[in-house]
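Encoded as structure tokens, the following chain is the form predicted on its own, with no partner shown.
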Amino acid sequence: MSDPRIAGASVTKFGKHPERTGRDLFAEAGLEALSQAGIDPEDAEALYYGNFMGELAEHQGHQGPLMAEAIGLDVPATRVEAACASAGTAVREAVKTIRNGEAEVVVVGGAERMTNIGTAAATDALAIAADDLYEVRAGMTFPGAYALMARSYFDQYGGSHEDLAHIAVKNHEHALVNEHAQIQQEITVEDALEAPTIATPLGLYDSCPITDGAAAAVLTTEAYAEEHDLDAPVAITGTGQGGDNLALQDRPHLAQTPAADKAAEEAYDDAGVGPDDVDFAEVHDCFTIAEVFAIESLGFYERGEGIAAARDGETTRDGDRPINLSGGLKAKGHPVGATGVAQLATVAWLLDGSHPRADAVPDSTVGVAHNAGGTVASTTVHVMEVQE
């Protein structure tokens, strides 16, 4: 069984691109990933593509073959939908395809176009990742859902909005040198605390922006990389996926994310590593409280301890284990169907030293990507390692 090598990766500029179509955004990312890999498109044998709301934002379904055509591939193409974890789930399918010997070269990616329909319509579109019958029809939106989860966490473990503000400040600072980031703006704790409230206790700077963008990566077998003399030192050595009840009211907890617990355990076991082996991670911080859930589920902190990590400087670029050196979803942006592959690209670039924040994790050998869907009803975790 061969652990897939990451031969090339590309991410578009995240932000507002209302004039560009989803296929245009993905063509940019996919063609650049193939070019960076130095691989002839004719060698690709499959495409796995993440997208969540194409029918609502562009009146376009059946996007797999459309995106394969956009990057010049004549291959079986599968669109994967798992809400905000769509791209991470696509990565998992690509990993399994290479490991089971079905293909030597697989392209994986994702894209989302959101800003063209406006904030209100985008919010409604995102809400379909919740339970329509029992949550959406009652007025639930994801800011409200994560606010309930944050309040439950504070009630059970302690913490405050100021703790969350430190996460926002950290991730904004990390994004300052990321040319792909949607928001390159330094903020203070006071800025975060004084920003307009979205859903108590979450404010404007606790929430990720609405984003257009795409990401793509080319995965190959180790043998293919060696035979074609590819520069592909980073391998995906662990993959995991977990699930939970969709609606919050059907869960016995609001302050934990068991889907991520399961995904992390599976990915660590698959890679033969543990939380203490991980040098850094890119996690799904759609809201600041989500970063807390993530780092606890990944085993970096015990329950109730992750809330203080940013405030204490432990997850900053100067900390013991930096989290979201890209700026995270909070500042880098969150084009839903692309996020999981953008995380994969970031981890690979940090490990191979080509990311502008790589100096924060010199000599690192193990990184993790954590991608979550909805209120963490779906989660994928991938372990990446530098190979000798």
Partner chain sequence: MTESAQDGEYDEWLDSIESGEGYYLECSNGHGWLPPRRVCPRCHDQDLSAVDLPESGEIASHTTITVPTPQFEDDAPYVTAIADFGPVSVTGLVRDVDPDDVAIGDVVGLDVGERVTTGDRAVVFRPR
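Positions refer to the first chain, counted from 1. Source: prediction; values computed, not measured.
One more form of this protein should be noted, the form predicted together with the partner chain, which is absent from this view; the next part is about it.
query: Which residue, 230, 195, 148, 77, has a heavy atom that falls within 4.5 Å of the partner chain in the predicted complex?
result: It is 148 that has a heavy atom within 4.5 Å of the partner.
message: So the partner chain isn't shown here. In the predicted complex, which residue out of 269, 190, 124, 102 has a non-hydrogen atom within 4.5 Å of it?
response: Exactly one listed residue reaches within 4.5 Å, namely 124.
message: Is it the case that residue 144, even though its partner is missing from this view, gets within 4.5 Å of the partner chain in the predicted complex, heavy atoms only?
response: Residue 144: contacts the partner chain in the predicted complex.
task: Answer with yes or no whether residue 160 is in contact with the partner chain in the predicted complex, where contact means some heavy atom within 4.5 Å.
output: It does not: once the partner chain is placed as it appears in the predicted complex, residue 160 has no heavy atom within 4.5 Å of it.
- prompt: Taking 4.5 angstroms as the cut-off for heavy atoms, does residue 152 touch the partner chain in the predicted complex?
  reply: Yes - in the predicted complex, heavy atoms of residue 152 and the partner chain come within 4.5 Å of each other.
message: Under a 4.5 Å heavy atom criterion, is residue 138 part of the interface with the partner chain in the predicted complex?
response: It does: once the partner chain is placed as it appears in the predicted complex, residue 138 has a heavy atom within 4.5 Å of it.
- request: Report the stretch among 84-92, 105-113, 130-138, 276-284 that approaches the partner chain in the predicted complex to within 4.5 Å, counting heavy atoms only.
  value: Within 4.5 Å of the partner lies stretch 130-138.
- prompt: Within 240-255, which residues have a heavy atom closer than or equal to 4.5 Å from the partner chain in the predicted complex?
  reply: Residues within 4.5 Å: 245, 248, 249, 250, 252, 254.
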